[in-house]
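The chain below stands alone and is given in structure tokens; this is the form predicted on its own.
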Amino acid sequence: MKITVLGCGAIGQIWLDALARQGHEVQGWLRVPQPYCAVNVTDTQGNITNHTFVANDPLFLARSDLLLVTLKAPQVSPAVKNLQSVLAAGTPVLLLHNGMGTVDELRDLQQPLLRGITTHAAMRDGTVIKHVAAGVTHIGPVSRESAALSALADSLHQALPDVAWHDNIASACWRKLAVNCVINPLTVEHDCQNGALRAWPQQIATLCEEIAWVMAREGEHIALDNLRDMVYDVIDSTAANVSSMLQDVRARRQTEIDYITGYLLRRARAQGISLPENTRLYDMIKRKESHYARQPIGSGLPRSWQ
């Protein structure tokens, strides 16, 4: 397959490396156009690979069999809309990011649209991307045109297992959103690694209760005990990790809060539900963002999509 990866941050580089090793023809696509992109990845066994791939080639993009989007949620819609006129009408677009809401923003996209979530963990260490933990990637259709594309899951699984196809990807997305709504903002509030959140069980319980209310109204019923167990499973399995939102706040970058807790709050308003604790955390994150947005530092501005 010929695949363009839109966004060459940690997850993007892992996919570029994995797809190339499987024999696919790949290119990266950067916000600031460049003819090539360097990929330096250390896998979960400590093996180091270095590649240089073509980047930002419109002809390659027009002939691509897949556009894999690994940008952060706030960057997704403008970036995809900017490329849609070059993409062939039948080229699938797979969104792979935290949070929800981008599908609504891309409802007029003519290309088949798929949504995915992943539990692969990666982090940047200088110029090297470390694949910290292997995980599972769940993908599925969000449009009628993409419902027949389940074979994509098999191709992606061969490159970076595990990849699972879901006819109803919304349920998996809601469960990932629920966990993110708890862990991400709480780690920012307490400035801690994920595992330290066990010190605040009452906050976790309150957040889970509010999230479960919204999920039930949205047709995604989940027992409260099961939701709490899911959250604690992730807290324990990623105990040494620094959440992506805390990394963003520490680096004075825009977070994905509008597509995580912000999406939850929008759905709650539509259902006539008040979520005091989630609202408090959302407002806290937005205050932090507005504070460092008023004091920009040039070195902190992203030079390419992350």
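The first residue of the shown sequence is 1; numbering continues from there. Note that the coordinates shown come from a computational prediction; the quantities given were computed from them, not determined experimentally.
Beyond what is shown, the protein has a form predicted in complex with a small molecule; the following relates to that form.
In the model of the complex, the small molecule stays beyond 4.5 Å of every heavy atom belonging to L16. Proximity of Q84 to the small molecule in the model of the complex falls outside the 4.5 Å heavy atom cutoff. Within this chain, L30 lines the site of the small molecule in the model of the complex, having a heavy atom no more than 4.5 Å away. Though the partner is left out of this view, T70 does reach within 4.5 Å of the small molecule in the model of the complex, counting heavy atoms only. Contact with the small molecule in the model of the complex, defined as a heavy atom within 4.5 Å, is made by all three of L6, N98 and H120. Partner proximity in the model of the complex, defined as non-hydrogen atoms within 4.5 angstroms of the small molecule, places exactly one of 90 to 98, 217 to 225, 104 to 112, 203 to 211 at the interface: 90 to 98.
This chain lacks the partner; the member of T137, S155, Q75, S171 within 4.5 angstroms of the small molecule in the model of the complex by a non-hydrogen atom is Q75. Proximity to the small molecule in the model of the complex, taken as a non-hydrogen atom within 4.5 angstroms, holds for one residue of A79, C192, M230, V163, which is A79.
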